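Take a look at this single chain in structure tokens; it is the form predicted alone.
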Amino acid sequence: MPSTGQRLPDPALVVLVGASGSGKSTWAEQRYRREETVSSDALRGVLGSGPHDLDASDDAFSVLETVVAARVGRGLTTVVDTLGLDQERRERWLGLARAAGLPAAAVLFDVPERECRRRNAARDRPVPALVLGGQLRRVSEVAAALADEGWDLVVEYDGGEAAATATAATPRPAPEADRRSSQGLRIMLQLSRFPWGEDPAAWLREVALAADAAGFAGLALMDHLIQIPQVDRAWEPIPEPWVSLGLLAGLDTRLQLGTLVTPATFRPAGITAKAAATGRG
């Protein structure tokens, strides 16, 4: 089984689920940039008199939904820091991740009740004991429901560094063809020089496989009859891009392949379209 020490998918939607005092915000602060976390408490502080101003909850969640939808829609890592106990909200966030092609993980904070109450009591404005008791009971109910909701990963965190455990829900393969950084960027490798020696095909395959293993989103070639002076001498190798891309398309990689540009006057448009379609097949 994976553990909470394991890196969660990035980018991804990460929804925190747990009672007040279970350590959700601290966990997020230790693992994610502040800009990646959308916190209902922080938004209450912006829109109300402080993070525990329950009168500002409706406005805070309205803004939270807008921010989550915008970030997930752009393919950015988004950590939702709320109680996470509302199934309708969880399913809505999961739907946003599915539509954006992002993997989705739920982190369940199954911290012992005594520890949650101790942490809550130490707050400046503790959650009322009866309210906290209700949250703790709901955490137990949600734990059973998460595995059936369709999350790519469900992680259980008990509050200890070494004792953290995790269980995987029915796994779904993440949409790895669209690799993005935590900033939502897709990094492509451009090949412009070709010191391939006696075996050009082997050199191209080796470079493509290395790029795939390194996490690049794709690989691109220039489309020139001869090498350009900004890169190398005119007589140095520069392959025909569509033939080369056809070779690389036969490899078992997740790279997106293409040209930087393709001059339409070099060849008939129909032949170029057929070459591209053959490579995709």
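For clarity, every value in this text was computed on a predicted model and none was experimentally measured. In this text, residue numbers run from 1 along the sequence as written.
Another form exists, predicted in complex with ligand UTP; not displayed. Remarks below refer to it.
At a distance threshold of 4.5 angstroms between non-hydrogen atoms, T26 is in contact with ligand UTP in the predicted bound form. In the predicted bound form, ligand UTP sits within 4.5 Å of a heavy atom of R123. Contact annotation for R117: none of its heavy atoms lies within 4.5 Å of ligand UTP in the predicted bound form. The closest non-hydrogen atom of G21 lies within 4.5 Å of ligand UTP in the predicted bound form. Contact with ligand UTP in the predicted bound form, judged by any heavy atom within 4.5 Å, is made by just one of L204, A211, V139, L83: L83. Of all the residues from 35-61, the single one having a non-hydrogen atom no more than 4.5 Å from ligand UTP in the predicted bound form is D41.
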